[in-house]
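Shown here is one chain on its own, the form predicted on its own, set out as C-alpha coordinates.
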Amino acid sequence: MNTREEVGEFSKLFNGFMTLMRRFIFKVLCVGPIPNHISFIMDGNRRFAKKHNLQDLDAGHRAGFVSVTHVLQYCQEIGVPYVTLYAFGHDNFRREPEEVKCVMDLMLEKIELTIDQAISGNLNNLKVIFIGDLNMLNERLKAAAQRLMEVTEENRGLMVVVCVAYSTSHEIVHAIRESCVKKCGDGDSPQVLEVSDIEECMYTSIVPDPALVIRTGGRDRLSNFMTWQTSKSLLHTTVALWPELGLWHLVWAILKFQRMQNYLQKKQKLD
(Lines give C-alpha, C1' and ligand atoms only; values in the text may rest on other atoms or scores of the structure.)
Protein backbone atom coordinates (compact mmCIF):
# COMPACT_ATOMS: atom_id res chain seq x y z
CA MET A 1 0.00 0.00 0.00
CA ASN A 2 1.54 3.32 -1.06
CA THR A 3 1.36 6.56 0.90
CA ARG A 4 -1.62 7.92 -1.07
CA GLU A 5 -3.64 4.75 -0.43
CA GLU A 6 -2.73 4.88 3.26
CA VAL A 7 -3.89 8.49 3.51
CA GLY A 8 -7.12 7.63 1.70
CA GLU A 9 -7.77 4.67 3.99
CA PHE A 10 -7.08 6.79 7.08
CA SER A 11 -9.42 9.54 5.81
CA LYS A 12 -12.17 6.98 5.27
CA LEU A 13 -11.74 5.58 8.78
CA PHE A 14 -11.59 9.06 10.31
CA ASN A 15 -14.71 10.23 8.49
CA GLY A 16 -16.55 7.09 9.60
CA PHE A 17 -15.51 7.70 13.19
CA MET A 18 -16.63 11.34 13.05
CA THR A 19 -20.01 10.30 11.61
CA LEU A 20 -20.55 7.86 14.48
CA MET A 21 -19.46 10.49 17.00
CA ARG A 22 -21.85 13.05 15.48
CA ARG A 23 -24.76 10.61 15.62
CA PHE A 24 -24.00 9.87 19.26
CA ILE A 25 -23.92 13.60 20.10
CA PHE A 26 -27.22 14.18 18.31
CA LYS A 27 -28.84 11.24 20.08
CA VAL A 28 -27.86 12.73 23.44
CA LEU A 29 -29.01 16.18 22.28
CA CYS A 30 -32.42 14.80 21.28
CA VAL A 31 -33.13 13.82 24.89
CA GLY A 32 -34.09 17.46 25.35
CA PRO A 33 -36.47 19.60 23.23
CA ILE A 34 -35.35 20.29 19.68
CA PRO A 35 -36.35 23.57 17.98
CA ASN A 36 -38.99 22.91 15.34
CA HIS A 37 -37.72 25.84 13.26
CA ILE A 38 -34.23 27.34 13.19
CA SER A 39 -33.49 30.52 11.27
CA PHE A 40 -29.95 31.48 10.29
CA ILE A 41 -28.74 35.01 9.64
CA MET A 42 -25.68 34.14 7.57
CA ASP A 43 -23.35 37.04 8.30
CA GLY A 44 -19.61 37.25 7.70
CA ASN A 45 -18.85 35.91 4.23
CA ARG A 46 -17.04 39.08 3.13
CA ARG A 47 -15.16 39.36 6.44
CA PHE A 48 -14.11 35.71 6.06
CA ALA A 49 -12.63 36.44 2.63
CA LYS A 50 -10.79 39.48 3.98
CA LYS A 51 -9.55 37.54 7.01
CA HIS A 52 -8.04 34.84 4.80
CA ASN A 53 -6.82 37.20 2.06
CA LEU A 54 -9.09 35.66 -0.58
CA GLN A 55 -9.03 37.89 -3.63
CA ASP A 56 -11.93 36.57 -5.72
CA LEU A 57 -15.09 38.62 -5.27
CA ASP A 58 -17.19 35.51 -4.60
CA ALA A 59 -14.63 33.64 -2.48
CA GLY A 60 -16.30 34.31 0.87
CA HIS A 61 -19.74 33.49 -0.49
CA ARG A 62 -18.48 30.19 -1.95
CA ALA A 63 -17.07 29.28 1.44
CA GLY A 64 -20.43 30.23 2.93
CA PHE A 65 -22.24 27.81 0.62
CA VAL A 66 -20.12 24.95 1.99
CA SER A 67 -21.37 25.90 5.47
CA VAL A 68 -24.95 25.82 4.17
CA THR A 69 -24.58 22.19 3.05
CA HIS A 70 -23.07 21.14 6.39
CA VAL A 71 -25.66 22.98 8.49
CA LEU A 72 -28.56 21.49 6.52
CA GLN A 73 -27.08 18.02 6.93
CA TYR A 74 -26.76 18.52 10.69
CA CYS A 75 -30.32 19.84 10.98
CA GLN A 76 -31.63 16.83 9.06
CA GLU A 77 -29.76 14.41 11.32
CA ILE A 78 -30.96 16.17 14.47
CA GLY A 79 -34.57 16.13 13.25
CA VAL A 80 -35.25 19.86 12.81
CA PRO A 81 -38.25 20.04 10.43
CA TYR A 82 -37.87 23.68 9.26
CA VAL A 83 -34.82 25.81 8.48
CA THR A 84 -34.82 29.38 7.17
CA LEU A 85 -31.73 30.88 5.53
CA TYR A 86 -31.34 34.65 5.18
CA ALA A 87 -29.48 34.42 1.88
CA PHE A 88 -29.70 37.96 0.48
CA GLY A 89 -31.56 40.89 1.98
CA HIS A 90 -33.60 43.48 0.14
CA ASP A 91 -31.12 46.15 1.20
CA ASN A 92 -28.17 44.08 -0.05
CA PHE A 93 -29.08 45.14 -3.58
CA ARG A 94 -27.66 48.55 -2.66
CA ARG A 95 -24.15 47.08 -2.62
CA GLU A 96 -21.73 47.58 -5.49
CA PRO A 97 -23.28 46.23 -8.74
CA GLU A 98 -20.28 43.98 -9.35
CA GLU A 99 -20.73 42.26 -5.99
CA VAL A 100 -24.50 41.90 -6.43
CA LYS A 101 -23.98 40.32 -9.86
CA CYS A 102 -21.31 38.03 -8.45
CA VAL A 103 -23.61 36.80 -5.69
CA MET A 104 -26.54 36.34 -8.07
CA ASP A 105 -24.35 34.36 -10.50
CA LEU A 106 -23.12 32.15 -7.67
CA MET A 107 -26.67 31.62 -6.44
CA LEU A 108 -27.75 30.60 -9.94
CA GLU A 109 -24.84 28.18 -10.20
CA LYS A 110 -25.70 26.51 -6.89
CA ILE A 111 -29.45 26.39 -7.61
CA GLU A 112 -28.84 24.70 -10.98
CA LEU A 113 -26.50 22.22 -9.28
CA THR A 114 -29.17 21.49 -6.66
CA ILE A 115 -31.79 21.00 -9.39
CA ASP A 116 -29.57 18.34 -10.99
CA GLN A 117 -29.17 16.61 -7.62
CA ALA A 118 -32.93 16.71 -7.04
CA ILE A 119 -33.71 15.28 -10.47
CA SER A 120 -31.20 12.47 -9.93
CA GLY A 121 -32.98 11.55 -6.68
CA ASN A 122 -30.31 12.71 -4.23
CA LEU A 123 -32.54 15.24 -2.45
CA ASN A 124 -35.60 13.16 -1.61
CA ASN A 125 -35.63 14.38 1.99
CA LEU A 126 -35.29 18.08 1.21
CA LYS A 127 -37.95 20.57 0.14
CA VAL A 128 -36.77 24.03 -0.94
CA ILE A 129 -38.90 27.18 -1.01
CA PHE A 130 -37.79 30.69 -1.99
CA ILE A 131 -39.50 33.71 -0.46
CA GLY A 132 -39.06 37.45 -0.81
CA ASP A 133 -39.54 39.92 -3.63
CA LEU A 134 -38.43 37.46 -6.30
CA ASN A 135 -39.28 39.99 -9.02
CA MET A 136 -36.01 41.71 -8.12
CA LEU A 137 -34.11 38.69 -9.47
CA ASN A 138 -33.09 38.39 -13.10
CA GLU A 139 -35.29 36.14 -15.22
CA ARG A 140 -32.86 33.21 -15.38
CA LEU A 141 -32.34 33.15 -11.63
CA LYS A 142 -36.05 33.52 -10.93
CA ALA A 143 -36.83 30.66 -13.33
CA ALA A 144 -34.19 28.45 -11.70
CA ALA A 145 -35.60 29.15 -8.22
CA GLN A 146 -39.09 28.29 -9.46
CA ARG A 147 -37.79 25.10 -11.05
CA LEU A 148 -36.08 23.98 -7.84
CA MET A 149 -39.28 24.57 -5.89
CA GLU A 150 -41.18 22.47 -8.43
CA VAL A 151 -38.78 19.50 -8.43
CA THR A 152 -38.68 19.34 -4.61
CA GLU A 153 -42.37 20.12 -4.04
CA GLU A 154 -43.38 16.55 -3.22
CA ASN A 155 -40.37 15.85 -1.00
CA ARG A 156 -40.94 15.14 2.66
CA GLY A 157 -38.39 15.83 5.36
CA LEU A 158 -36.51 19.03 6.02
CA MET A 159 -38.17 22.14 4.56
CA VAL A 160 -35.62 24.83 3.70
CA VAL A 161 -36.92 28.36 3.22
CA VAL A 162 -34.43 30.58 1.37
CA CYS A 163 -35.02 34.31 1.83
CA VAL A 164 -33.85 36.29 -1.20
CA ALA A 165 -34.56 39.99 -1.78
CA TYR A 166 -36.26 39.79 1.61
CA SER A 167 -36.88 42.23 4.44
CA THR A 168 -39.57 42.28 7.09
CA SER A 169 -40.63 45.83 6.24
CA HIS A 170 -41.31 44.88 2.61
CA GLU A 171 -42.95 41.64 3.72
CA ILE A 172 -45.39 43.52 5.97
CA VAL A 173 -46.30 45.99 3.20
CA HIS A 174 -46.84 43.07 0.83
CA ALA A 175 -48.98 41.23 3.40
CA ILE A 176 -51.17 44.25 4.12
CA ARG A 177 -51.77 44.85 0.42
CA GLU A 178 -52.60 41.19 -0.19
CA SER A 179 -54.88 40.95 2.83
CA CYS A 180 -56.74 44.12 1.77
CA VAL A 181 -57.34 42.70 -1.70
CA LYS A 182 -58.29 39.32 -0.27
CA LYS A 183 -60.67 40.62 2.41
CA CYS A 184 -62.11 43.74 0.85
CA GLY A 185 -62.47 42.54 -2.72
CA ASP A 186 -64.76 44.79 -4.73
CA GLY A 187 -67.17 45.44 -1.88
CA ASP A 188 -67.95 48.95 -0.71
CA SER A 189 -68.62 48.10 2.93
CA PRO A 190 -65.78 48.82 5.38
CA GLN A 191 -63.74 45.85 6.55
CA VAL A 192 -61.56 45.38 9.61
CA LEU A 193 -58.17 43.79 9.12
CA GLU A 194 -57.13 41.45 11.91
CA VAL A 195 -53.57 40.42 12.74
CA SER A 196 -54.43 36.93 11.53
CA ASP A 197 -55.42 38.34 8.13
CA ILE A 198 -51.98 39.88 7.71
CA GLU A 199 -50.15 36.80 8.98
CA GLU A 200 -51.93 34.62 6.44
CA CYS A 201 -50.46 36.76 3.65
CA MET A 202 -46.90 36.89 4.94
CA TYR A 203 -44.21 35.20 2.85
CA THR A 204 -43.43 33.04 5.88
CA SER A 205 -47.00 31.82 6.49
CA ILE A 206 -45.95 28.42 5.10
CA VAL A 207 -43.79 27.68 8.17
CA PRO A 208 -44.21 28.13 11.93
CA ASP A 209 -42.45 31.03 13.62
CA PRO A 210 -38.78 30.31 14.40
CA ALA A 211 -38.05 28.85 17.81
CA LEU A 212 -34.35 29.67 17.51
CA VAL A 213 -32.56 32.36 15.50
CA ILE A 214 -28.79 31.92 15.04
CA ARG A 215 -26.77 34.89 13.84
CA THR A 216 -23.11 34.53 12.94
CA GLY A 217 -20.54 37.30 12.80
CA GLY A 218 -20.89 38.53 16.38
CA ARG A 219 -23.62 41.13 15.87
CA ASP A 220 -26.74 41.26 18.07
CA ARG A 221 -29.38 42.47 15.64
CA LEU A 222 -31.94 40.97 13.29
CA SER A 223 -31.15 43.23 10.31
CA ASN A 224 -34.78 43.50 9.19
CA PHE A 225 -35.11 39.70 9.17
CA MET A 226 -38.36 38.13 10.39
CA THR A 227 -38.84 40.75 13.10
CA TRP A 228 -42.60 40.09 13.02
CA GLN A 229 -42.16 36.35 13.53
CA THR A 230 -39.38 36.30 16.14
CA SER A 231 -40.94 38.11 19.10
CA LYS A 232 -40.99 34.81 21.01
CA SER A 233 -37.83 33.33 19.52
CA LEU A 234 -34.48 32.85 21.21
CA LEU A 235 -31.72 34.85 19.50
CA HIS A 236 -28.32 33.21 19.71
CA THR A 237 -25.27 35.02 18.36
CA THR A 238 -21.80 33.66 17.77
CA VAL A 239 -18.59 35.45 16.87
CA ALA A 240 -17.89 32.76 14.29
CA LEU A 241 -18.29 34.04 10.75
CA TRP A 242 -20.80 32.12 8.63
CA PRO A 243 -18.18 30.05 6.73
CA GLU A 244 -16.66 29.15 10.12
CA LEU A 245 -19.91 27.86 11.61
CA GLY A 246 -19.44 24.24 12.59
CA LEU A 247 -21.04 21.35 14.40
CA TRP A 248 -20.20 22.59 17.88
CA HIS A 249 -21.63 26.06 17.25
CA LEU A 250 -24.96 24.47 16.32
CA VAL A 251 -24.89 22.07 19.26
CA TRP A 252 -24.13 24.91 21.67
CA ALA A 253 -27.02 26.99 20.30
CA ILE A 254 -29.48 24.11 20.75
CA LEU A 255 -28.18 23.45 24.27
CA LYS A 256 -28.81 27.12 25.06
CA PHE A 257 -32.33 26.75 23.63
CA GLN A 258 -32.93 23.75 25.88
CA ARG A 259 -31.57 25.58 28.92
CA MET A 260 -33.90 28.52 28.24
CA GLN A 261 -37.04 26.41 27.78
CA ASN A 262 -38.75 27.42 31.01
CA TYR A 263 -38.25 31.12 30.25
CA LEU A 264 -39.44 30.75 26.65
CA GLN A 265 -42.54 28.80 27.65
CA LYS A 266 -43.45 31.38 30.32
CA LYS A 267 -43.01 34.17 27.76
CA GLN A 268 -45.34 32.39 25.31
CA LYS A 269 -47.99 32.01 28.00
CA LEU A 270 -47.76 35.69 28.97
CA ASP A 271 -48.04 36.79 25.34
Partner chain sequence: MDSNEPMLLLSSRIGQIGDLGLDLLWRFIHIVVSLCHIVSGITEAIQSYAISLGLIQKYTSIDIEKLRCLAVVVDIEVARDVSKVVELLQWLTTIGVKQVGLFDSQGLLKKSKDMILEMVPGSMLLQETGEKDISPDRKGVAIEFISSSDNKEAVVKAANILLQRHLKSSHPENDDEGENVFTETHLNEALRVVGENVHVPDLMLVYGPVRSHLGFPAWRLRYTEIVHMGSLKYMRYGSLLKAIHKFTGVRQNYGV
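Numbering follows the first chain given and starts at 1. Since we're looking at a predicted model, the values are computed, not measured.
Keep in mind the form predicted together with the partner chain is missing from the figure; the text below concerns it.
Stretch 163-171 is the contacting one of 116-124, 150-158, 163-171, 101-109, since its residues have non-hydrogen atoms within 4.5 Å of the partner chain in the predicted complex.
The closest non-hydrogen atom of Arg62 lies beyond 4.5 Å of the partner chain in the predicted complex.
Under a 4.5 angstroms non-hydrogen atom cutoff, the partner chain in the predicted complex lacks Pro208 among its neighbouring residues. Although the partner is absent here, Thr69 is not a contact residue: none of its heavy atoms lies within 4.5 angstroms of the partner chain in the predicted complex. At a distance threshold of 4.5 angstroms between non-hydrogen atoms, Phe17 is out of contact with the partner chain in the predicted complex. For the three residues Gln55, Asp58 and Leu141, a heavy atom within 4.5 Å of the partner chain turns up in the predicted complex in no case. Annotation for 224-244: interface residues with the partner chain in the predicted complex are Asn224, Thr227, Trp228, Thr230, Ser231, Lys232, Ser233, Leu234, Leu235, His236, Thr237 [heavy atom within 4.5 Å].
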